[in-house]
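One chain comes next, on its own, written as structure tokens: the form predicted on its own.
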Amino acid sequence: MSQTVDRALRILPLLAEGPANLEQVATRLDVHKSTALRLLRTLHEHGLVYRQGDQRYRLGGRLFALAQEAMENIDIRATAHPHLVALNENCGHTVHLAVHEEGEVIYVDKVDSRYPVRMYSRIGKPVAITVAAVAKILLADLPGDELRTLARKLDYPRYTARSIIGPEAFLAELAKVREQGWATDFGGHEESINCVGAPIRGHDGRVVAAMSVSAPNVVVTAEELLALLPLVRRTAQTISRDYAGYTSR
């Protein structure tokens, strides 16, 4: 990377900490004021920084617009899919990817198990929102007031004896998921199906999707499936880095 580009790029995280004047920028970059001014003027011309009335510089509106546009054009399914396939090849079980859209949690990708017993879930179909591991992960990230309002509106079907019944139990489960950073569904939707899931996060740390590994208990016990949790979480973290555009985190 050229020295000029390197210096210009170093200005952006500096200004992310707050507005700074020319002298502060020059000091942080360890360059002469004339060099710092030339860099700031170039960034200002492109809308990446803005000079305030007090002559201090801050990040410009175009930088935020570009970031928003970039995030809107990233396809989480395309980003995640090769990692889901790799996880499936590693463990052999069904892998799902889900997102929260318009009040529903929907599967947007699925890699089928290598075992003869298959799951009936389908891409594009909503999940059982009160019991599915991916739903718990996605809803647990909602703001408190929004989550409490949603919990009161939901129906709580008793799919099995292990299903969550009622808003208080649901909110308690989501608080647990939020604290531990992962979720399970051990027979809450179907007695014979167990599931462990982990969140996929965007550049701001918010949950943008959830992934899970599911298997029938005739293939693997709940305890054996839970042992795969570290692998599931590592996969989710790798997808998060790819999605957010971080080379390291």
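Basically, rigid core = biggest C-alpha set you can superpose within 1.5 Å across the two forms. These numbers come from a predicted model, not from an experiment. In this text, residue numbers run from 1 along the sequence as written.
A second form of this protein, the form predicted together with the DNA, is not displayed here; the remarks below concern that form.
Remark: N21 counts among the residues lining the DNA in the model of the complex, judged by a heavy atom distance of 4.5 Å or less. By the criterion of a heavy atom within 4.5 Å, L37 is counted among the residues contacting the DNA in the model of the complex.
Though the partner is left out of this view, Q55 does reach within 4.5 Å of the DNA in the model of the complex, counting heavy atoms only.
Residue contact with the DNA in the model of the complex: R51 places a heavy atom within 4.5 Å of it. In summary, the region of this chain contacting the DNA in the model of the complex, judged by heavy atoms within 4.5 Å and restricted to 25-33, 178-186, 194-202, 218-226, corresponds to 25-33. Annotation: in the model of the complex, residues T4, R7 and R41 each come within 4.5 Å of the DNA through at least one heavy atom. Remark: with the core as the superposition reference, the CA shift of L231 between the shown form and the other one stays below 2 Å.
Remark: with the core as the superposition reference, the CA shift of W182 between the shown form and the other one stays below 2 Å.
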